[in-house]
Each structure stands twice: as C-alpha cells, then as structure tokens.
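This document starts with two versions of one protein chain, written out as structure tokens and named structure 1 and structure 2.
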Structure 1
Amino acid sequence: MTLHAATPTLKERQRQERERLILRAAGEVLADQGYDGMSMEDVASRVGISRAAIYLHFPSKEDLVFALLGRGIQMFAESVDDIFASGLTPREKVRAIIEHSYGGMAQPSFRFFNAVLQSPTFLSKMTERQRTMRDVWNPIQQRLTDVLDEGKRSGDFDTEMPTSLMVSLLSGLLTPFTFKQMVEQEGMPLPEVVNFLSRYFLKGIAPSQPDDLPETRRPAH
C-alpha cells in the first residue's frame, strides 16, 4: 500500500502563509532598519496584523530572525542541490557554488543578512545559541562535504587534506564581508571576485605535486 503525505488543512495552509508573510516583512524591516532598530510592531504593521498575532508564530524578535536565517540557508541548500544534479565535475560544482553564493549576495533580498551580521547585539545572540546556528548551517556543511569528498574520489582534490578543513576554508570564503569590501566598497566587478576566489580555493585543495611536498617527504631521485 502506498502512503501519501497528508494534505494540509485549510487552517494549516493559512498558518504557513502567515508565517511566510511575517518572514518576508521581517527581512524588509531588517534591511531598512537593522536588527537593533527592528521592532515586532514594525513587522506586524507591514503584514497588516497585530503584534500579538506575530507572537503566536515567533516567541521573540530573536526567534523570528533566526527563523529568517534558517529559511535563507535552506533555500541556499536547495540551490546547491540543483548544482549537484547538473552533471558538472567536482571542480565545476565548487566554482558554481561560489558563483551562486556571491550572485545571491548582490540581490536586494540578501540585504537582511548584512543587517544582522553588522549588529553586535545579534552576534552576541548567535554566540549564545551556537547549537542553534550549527543546526541551521548543518545542511550546507553536509552538501559541501559531499562535493569535496566526490572530488577526492575523482582525483580532483587532495586526498591527504582533511575534508573538514576544506569545508572550513570554503565556508570562510562564502561570507558577506568579502562581498561588501570587494564589490561594494572597492568596486571590483563581481565576476572578477568569483574568478579569483575560485582559483585561490581550487589551487589550494588540488592534489599535491612533488615540488609542493616538504623536503622530508619528497621522493628520492
């Protein structure tokens, strides 16, 4: 017997739609006012509901922003899945991930990420909720691990370098701070930033050549 997922009730669909509207409004308010200037009243006003109604979905402003970050990361994870299904080589997939990440940072909808990362108040909340942030980021970490392990198996990437280190290095490249400094402040064209970052990372994780090895490990002639 084939089991089918239960169809959401009208009440559940209405709840999901309201949450979607609240999250969209929260992103707009964050982009305009920053985390410290954002209030639940402002978000409620944009949605056209009472502040009390928001608290039925999100207990606090902090919970609302974490939910917004989680949704953004989940959408990014789904985009990475599309890249994985494209038939590209591991090297091409890594470049596509970097290109997609920085292309997303150029979109107006990404402005709320900058807003929260520029708030010392929210950064302290992130520190307090490290476990929550790990859970939110885990889907991306797992996908990066998968593509880098694939590259190790194909011989594209250094099999001796720990995958966890590769993931950490790649994650460090996918940051709004680099985008803000190089693209917004210094005016470097986005394709150039993507090209240089891709070259830098892919060279760094390429299989070692004999001349790259320490003296004690170089083969004797």
Structure 2
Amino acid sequence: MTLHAATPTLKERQRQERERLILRAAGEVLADQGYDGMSMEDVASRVGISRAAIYLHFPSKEDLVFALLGRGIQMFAESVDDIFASGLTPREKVRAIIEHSYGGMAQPSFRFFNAVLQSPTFLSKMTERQRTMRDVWNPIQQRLTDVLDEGKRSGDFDTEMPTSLMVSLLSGLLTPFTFKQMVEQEGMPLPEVVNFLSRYFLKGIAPSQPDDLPETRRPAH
C-alpha cells in the first residue's frame, strides 16, 4: 500500500515514537524504583498503554532495560565525542564531562544508569546472556580513556596512575551517589557541586609532586 518502500514513514515513525515513550517511562521508573522495583505495569500505565503492548516492542523486561541502557550509553558516548573533538584542554574536557553528566542527572534520564549498573538481578541476567557489563560499558570507558590519556601526554595528569583506574574513579564520580548527597540533602547548588567535583578530581589525578608519595609510612628522618 505504501508507495515507496523507502518511505518507512508513517507507521514506522509512530512505532519509533511509541518506543521512545516506553523507553522514557522505563527510565523514569527505573531511576527511582530500581530494576526489581520496576514492574511492567508501572511502565505501561505511565505511557498509557497496556502491559502487553510493551512486548510488541521489547521481547522482555530484560531487553527493554538493555535497550534503554544501550541508548543511554550511546547518547553519553556521543556527548563525550563532541567534547573530545572540541578545542578544550584535557583538564577542561574532564570538567566538561563532569558538568555534562551532572546536568543530565538532574533530569532523571541519567539516574537510571546507576540503578541498572548496581542491580545484581539485572547484572546476573546479563551474565547469563554472556554479555558482560564490560562490553556494554566499553564505549564509555574507551572514550574516557582517550581523554585521560591525552591529558597524560600533555603532562596535565599523573602518568603513574593507570588510566583504567582513573577511568574507574571518574565513573564513580559520575554516579549519582555524591550528587544525591549534596544536592538533594545538603541543598548545595548544582553548579557549585560540579565545581568542587572537578577541582577535586583534577587535583587528585594531577602529576605527583615529590611530597605526595609519603603515604607509605616511613620513619621521619
């Protein structure tokens, strides 16, 4: 009936829109109820459709969340790409990444990252599928690695600390853990939190000064 097979438009467009709505709803529920706490009914009623309709788009709860995760990761990766391609200095790039993450976290759209990444239920289902979180998370890690390595080369960051550890520390910072504490409970304005966090992280990974080392206890000479 469609004139041009190349026009996936109408129906297809509606379908994708529906899918987006479902993903958005799922993200919201996920963000504040967690993977186990999220029921298909929650999502469906938020979109205003029936539970069964979700299965027209995603074969299972697991797949739905996985898709959401994938989309989130991709979006985040694209942002990091933009930042990477900008003319900013490595330090400024790190700051921009933190800023961007926390900006997004205010909208619940990013909060669910944590929800998913911390849910043993989801993670174990993932493992059953032979898909390590490692693979999924890889695009992000790779990009962060690139930024940090660039900083190492430019002499901005500590070359002694393995980049993988830096990546892990930065990821940990982007988790809503600190965010919730400070903004929601202490009432600190978001930009200020971002400022402090950036400074903290950059100082933490700055090239070591001679007097940074003495952490391993030595007798005062």
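This one's a predicted model, so the numbers in the text were calculated from it and none came from an experiment. Think of the rigid core as the biggest set of C-alphas that the two forms share within 1.5 Å after superposition. One-based numbering along structure 1's sequence throughout.
- For the form predicted on its own, the corresponding chain is the one labelled structure 1.
- Positional change of Ser171 between the two structures stays under 2 Å at the C-alpha, relative to the superposed core.
- Leu117 shows a C-alpha shift of 2 Å or greater between the two structures [criterion: core-superposed Cα displacement of 2 Å].
- Once both forms are fitted on their rigid core, the CA atom of Glu92 lies less than 2 Å apart between the two structures.
- For Gly48, the Cα shift between the two structures is 8.3 Å when the rigid core is held fixed in the overlay.
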